[in-house]
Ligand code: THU
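As structure tokens, one chain now follows by itself in the form predicted on its own.
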């Protein structure tokens, strides 16, 4: 028997104002996208913004449905739009922000499991990590240099 230790290193900014200017701009796109989310059931609004290697910024937000599984998270909305509109471009950086009508979100909120898997697919596809920044409405911002920090031992096409 052998134990395997898995470690992740994340960077934590105390607040939005500490972010580098380019990331603050990207996060501002995510904040604007969050404002347009369609979340009448959960009242939980998420915005995502992705910087592509062609300098385009693609945004997405969560889209709910009365048939709950039919909705889509902000991260996947943005990723799939980027893949459809700019299929040859690489995803460099992603900013995420989430807020609730029920309570103030000050804790950084990472991507859900399904979104982590979708991000992982694009990291493998482009053979390059994607920087991910995530926050609540206010407060600390967490940076991960790669999805691999958030989803160790990920499943990808190499297993198929």
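Note that the coordinates shown come from a computational prediction; the quantities given were computed from them, not determined experimentally. Residue numbers count along the first chain shown, from 1.
What comes next is about the form predicted together with this ligand, which is not displayed.
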property: Single option in 121, 131, 32, 64 placed near this ligand in the predicted complex, where near means a heavy atom within 4.5 Å; result: 64
property: Partner contact for residue 46 in the predicted complex: this ligand, 4.5 angstroms, heavy atom; result: yes
property: Partner contact for residue 79 in the predicted complex: this ligand, 4.5 angstroms, heavy atom; result: no
property: This ligand contact at residue 108 in the predicted complex, heavy atom, 4.5 Å; result: no
property: Residue 115: touches this ligand in the predicted complex, heavy atom cutoff 4.5 angstroms; result: yes
property: Interface segment, criterion being heavy atoms within 4.5 Å of this ligand in the predicted complex, picked from 131 to 139, 23 to 31, 100 to 108, 36 to 44; result: 36 to 44
property: In the predicted complex, residues of 64 to 81 near this ligand [heavy atom within 4.5 Å]; result: 64, 73, 74, 75
